[in-house]
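First, one chain by itself in C-alpha cells, the form predicted alone.
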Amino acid sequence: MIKTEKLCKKFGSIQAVDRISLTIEDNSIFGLAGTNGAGKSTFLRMLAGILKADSGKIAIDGKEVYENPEIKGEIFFLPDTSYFFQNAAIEDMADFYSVYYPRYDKKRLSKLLDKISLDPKRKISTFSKGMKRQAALILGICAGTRYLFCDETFDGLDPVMRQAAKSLLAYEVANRRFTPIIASHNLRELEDICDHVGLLHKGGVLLSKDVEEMKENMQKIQCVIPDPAEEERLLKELEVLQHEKRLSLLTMVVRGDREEVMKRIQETHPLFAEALPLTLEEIFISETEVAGYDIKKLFA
C-alpha cells in the first residue's frame, strides 16, 4: 500500500506538489488525472524515490522510499519520455534491467514482443513514438516489480495498441501482486481501466474517488415532466448536482441510488424518463463543481 501525507515539493517559486494526501491500495489500478503542470510527474517521481519531498511523508508498505534500495527494487518508473541507451535494442535494455530487478522475466518479454511483432534485436532509436511506448511498457511489466508508475503511458499509441496495453495491465493485476499508477491529462484514457482516480490541480488533490462507487451513486437522468410544479419540487427533493433544461427536456446529474431516483421521478408522471451512462469526465465535472471548481475550464 502507498500512503502519502501532506506531501509538498517546490521548485524555486513554483509549488509543484502541494500537501497531497492519498492512499493507494494494493492490486488496484490507480489513475492520476490532471492538466499539464498539475503536478502529476513530480508526484510520481517522488513516489519512485527520484525526488525528495520538501515536507510530508511517503510510505510504501510502511517504509520510506527515498534512498531505500529495498523499496525501490519493487518500483519500475516509466517517465513521459522513455530513456534508452544509445544504439540499444530491447534485449540490451532487458539485460540491463535484469541486473537491478532479480525477478526480471526475459521469457515473458520475448512472448509479449512476439505478439505485437516488435523485434528484440532492432535498435530502439529506429522505432516510432508508439513503438517506443510499447517497448517501454513491456520492459517495465516484465521487471516483475510490485509497483509500476506510468507517466502518460498511452500517449502516442494507436487505439488497438492502447486497448492492448490496458488489457495487459489488467491481466497483471488479476494474476499477481501488482499495482500500477497511471498518470494522464485525459480522463477518457482512465475511465475503462482504473479502479480509483485522483484529480490533481495546481499541485493539490481536488478529488480522489473509487470509480465504481462514483458510478453507482451518481445518475444522469433525462425526463419530460408536464407539470412545472412537480418538476420544481423534484429538483428540490433530489440531490441534484447539475441540471439543464432545453425546451421541455430536463437533464439532471443526481446523487443517489438509481432505482430510488427513478421511482421518485415516476411519481411526477413524466411523459418520458430514462437513465443514461455517465462518463468519468461527467462525474468529475459534477463533483468538482460541488466543491467550487469548474473542471471544464481546467481541462479546456
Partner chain sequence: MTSRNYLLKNIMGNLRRNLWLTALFFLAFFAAGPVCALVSLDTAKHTTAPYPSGATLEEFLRWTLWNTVSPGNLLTAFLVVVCAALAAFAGFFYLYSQEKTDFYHSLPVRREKLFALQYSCGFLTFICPYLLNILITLLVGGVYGALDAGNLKAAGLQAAFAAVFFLAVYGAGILAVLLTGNLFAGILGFGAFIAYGPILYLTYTRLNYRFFDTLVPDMGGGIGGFFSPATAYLQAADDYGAGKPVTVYLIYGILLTGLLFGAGILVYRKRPSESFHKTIAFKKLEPVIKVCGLPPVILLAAMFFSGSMYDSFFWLVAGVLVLTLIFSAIYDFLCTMDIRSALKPRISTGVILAGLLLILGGYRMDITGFDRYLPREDKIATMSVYFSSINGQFGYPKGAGDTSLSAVLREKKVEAFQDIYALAQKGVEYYEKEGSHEQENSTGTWDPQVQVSCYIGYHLKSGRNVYRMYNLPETEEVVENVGKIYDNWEYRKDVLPTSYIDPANIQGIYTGSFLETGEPLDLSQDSGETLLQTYKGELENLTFAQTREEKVTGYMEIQEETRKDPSVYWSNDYISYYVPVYESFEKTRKLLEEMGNPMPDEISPEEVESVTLSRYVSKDMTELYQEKVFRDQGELEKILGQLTLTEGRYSVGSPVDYDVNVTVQWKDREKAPVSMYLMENDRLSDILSQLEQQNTD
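Positions refer to the first chain, counted from 1. Note that the structure is predicted; figures quoted are calculated from it, not measured.
Note that the form predicted in complex with its partner chain isn't included here; everything after this is about it.
Here the chain stands alone, but in the model of the complex its contact with its partner chain, taken as any heavy atom within 4.5 Å, falls in 91-99 among 167-175, 116-124, 193-201, 91-99.
Using a 4.5 Å cutoff between non-hydrogen atoms, residue 272 does not count as a contact of its partner chain in the model of the complex. Within this chain, residue 50 lines the site of its partner chain in the model of the complex, having a heavy atom no more than 4.5 Å away. Contact annotation: residue 154 falls outside 4.5 Å of its partner chain in the model of the complex, judged by heavy atom distances. By the criterion of a heavy atom within 4.5 Å, residue 81 is counted among the residues contacting its partner chain in the model of the complex. Of the residues given (67, 237, 259, 244), 67 alone sits with a heavy atom within 4.5 Å of its partner chain in the model of the complex. Proximity to its partner chain in the model of the complex holds for all of 9, 72 and 77, with the criterion being a heavy atom within 4.5 Å.
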